[in-house]
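Just one chain follows, in the form predicted on its own, and it is written as structure tokens.
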Amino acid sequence: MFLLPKGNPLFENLAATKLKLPEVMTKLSSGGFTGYASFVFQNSTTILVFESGKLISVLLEQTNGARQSGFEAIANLAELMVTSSSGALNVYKLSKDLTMCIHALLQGEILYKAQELKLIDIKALLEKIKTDQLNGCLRIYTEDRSAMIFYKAGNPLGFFHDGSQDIETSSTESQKIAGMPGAKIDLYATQSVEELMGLDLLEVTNIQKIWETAVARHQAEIEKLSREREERDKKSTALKLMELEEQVKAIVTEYVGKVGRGIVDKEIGDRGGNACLIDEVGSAAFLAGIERAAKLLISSTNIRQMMEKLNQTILMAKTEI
């Protein structure tokens, strides 16, 4: 995304993920705002250009260079606001003429693109800009530096270069960059302020519906992930309970012989399944039942040793399940 002049900052670094897009749009629209709002996320930036409260341009650009505009950009902006963990909103007020030039830079007609400056008669080009009464922006840049000249009806409104915060009246930096090896130019043209005023994306786009759709989709995704997580947890718990049951059977069988498995099955069955092994009340009742059955089969010394092993095994399992 091009570095844009900040103009008069109204808001900076607002947490975008705590905002609601319809409320932001209403605030800027009803206030007759002229300028642009930028939503900056980790992998994309969205610029919304307003003219007297009318939304005349929306452009979303990803870090890989992919671009979206109009309804698609607004819909994806809503998704980002709802789903992202971080993001910032900046709002800058500009004059109507500069806002027109920002529109040209973002979505205007491309007259020249990445043309090497040394191959162009720049004097003739500037004269043509004046003669054609161009509204738009001339971008001059190298790999490391860039500058922009904004035009209204063929006359320069001001100059902006990387490193500056606002429009300047001096062309010194632009001239320096133009003189650098490998300098190139882009030239963008757009309609007049009056013609752009005939556009308003807010009139043809249901922002509230877009927002509600994004919120509902995100909520559905959260619920889906929650269900999947619960299902995984259930399966994991069931597997661990099966392992615990086998450990318990092995201990009881070690002390009372083959009938141990049957004793464990009966006590577990009487209590509705192996979940009783990790339930405080259920496990106490289960262990008491095992001890009662064992008294008929083995000595008190062996019972004590068996119960110690069972208690230790169950206690350890409770901390893991």
Partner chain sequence: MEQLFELFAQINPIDLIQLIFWGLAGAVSFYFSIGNARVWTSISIGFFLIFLSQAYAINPWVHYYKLSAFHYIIGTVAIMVITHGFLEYYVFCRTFEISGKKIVVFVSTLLILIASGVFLIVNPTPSPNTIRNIRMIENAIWVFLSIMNIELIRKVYVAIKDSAISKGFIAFGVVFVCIFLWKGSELYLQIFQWDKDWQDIIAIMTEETSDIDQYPMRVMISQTVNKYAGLLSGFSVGGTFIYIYRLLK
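Positions refer to the first chain, counted from 1. Just so it is clear, the structure is predicted and the values come from calculations on it, not from any experiment.
As for the form predicted together with the partner chain, it is not shown, yet the points below apply to it.
- Considering the partner chain in the predicted complex, the lone stretch of 39-47, 52-60, 275-283, 254-262 in range is 254-262 [heavy atom distance within 4.5 Å].
- With the partner omitted here, the residue from L14, M307, L10, I298 that has a non-hydrogen atom within 4.5 angstroms of the partner chain in the predicted complex is I298.
- Shown alone here, L28 lies farther than 4.5 Å from the partner chain in the predicted complex, counting heavy atoms only.
- Looking at A293, you'd find a heavy atom of it within 4.5 angstroms of the partner chain in the predicted complex.
- Contact check for K266: a heavy atom falls within 4.5 Å of the partner chain in the predicted complex.
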